[in-house]
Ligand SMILES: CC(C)(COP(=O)(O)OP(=O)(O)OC[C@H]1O[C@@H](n2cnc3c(N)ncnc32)[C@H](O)[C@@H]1OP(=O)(O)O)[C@@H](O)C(=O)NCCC(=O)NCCS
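Listed next as structure tokens is one chain, alone, in the form predicted on its own.
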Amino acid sequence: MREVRLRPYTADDAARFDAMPQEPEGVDFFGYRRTNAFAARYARDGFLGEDHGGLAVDVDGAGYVGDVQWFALHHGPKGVARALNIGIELLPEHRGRGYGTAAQRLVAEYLFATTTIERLEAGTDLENVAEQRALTKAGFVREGVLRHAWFRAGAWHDQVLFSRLRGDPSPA
């Protein structure tokens, strides 16, 4: 497999994502996202903030193939039991090649190396077996199903929740 790297997001990356056709999983509750959402966020904070962040996914020979992002969660009193939820979006033509697995492993390693966070979380649609497999290969452990946890494409969907703890063994 080609080498997968994470790098800081650029304005060109944001523009590329804004130009992508909107897929059902990329829209909000009302069924749309602003056409300049990524460019606006990049202009605001470069995709790096206190409780959120994002990095571009680059692959040797292919260049930019998508991004990984994270945001803070608070289980219990704010600031006491903090976790980060990670997500990934790859351009459709680059899916199914193992890049997502590698990128999710890399973002977990990056977050454990650069923060004091103990817990990372990730979720995916119950029907997205490929993403469940990628998370497992990236060292995440399936915790359970959250019933009707998100609204997408006009219907409620179950979500599978995964986690990876700082002390968990690194994936092979």
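These numbers were taken from a predicted model, which means no experiment stands behind them. One rule holds for the numbers: they count along the sequence shown, beginning at 1.
The discussion below concerns the form predicted in complex with the ligand, not included here.
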item	value
In the model of the complex, the one of Leu146, Leu48, Val129, Ala40 near the ligand [non-hydrogen atom within 4.5 angstroms]	Val129
Any non-hydrogen atom of Ala56 within 4.5 angstroms of the ligand in the model of the complex	no
4.5 angstroms heavy atom contact with the ligand in the model of the complex for Arg133	yes
Non-hydrogen atom contact Arg95 with the ligand in the model of the complex at 4.5 angstroms	yes
Non-hydrogen atom contact Lys137 with the ligand in the model of the complex at 4.5 angstroms	yes
Stretch in contact in the model of the complex with the ligand, which is absent here, among 113 to 121, 99 to 107, 40 to 48, 56 to 64 (heavy atoms within 4.5 Å)	99 to 107
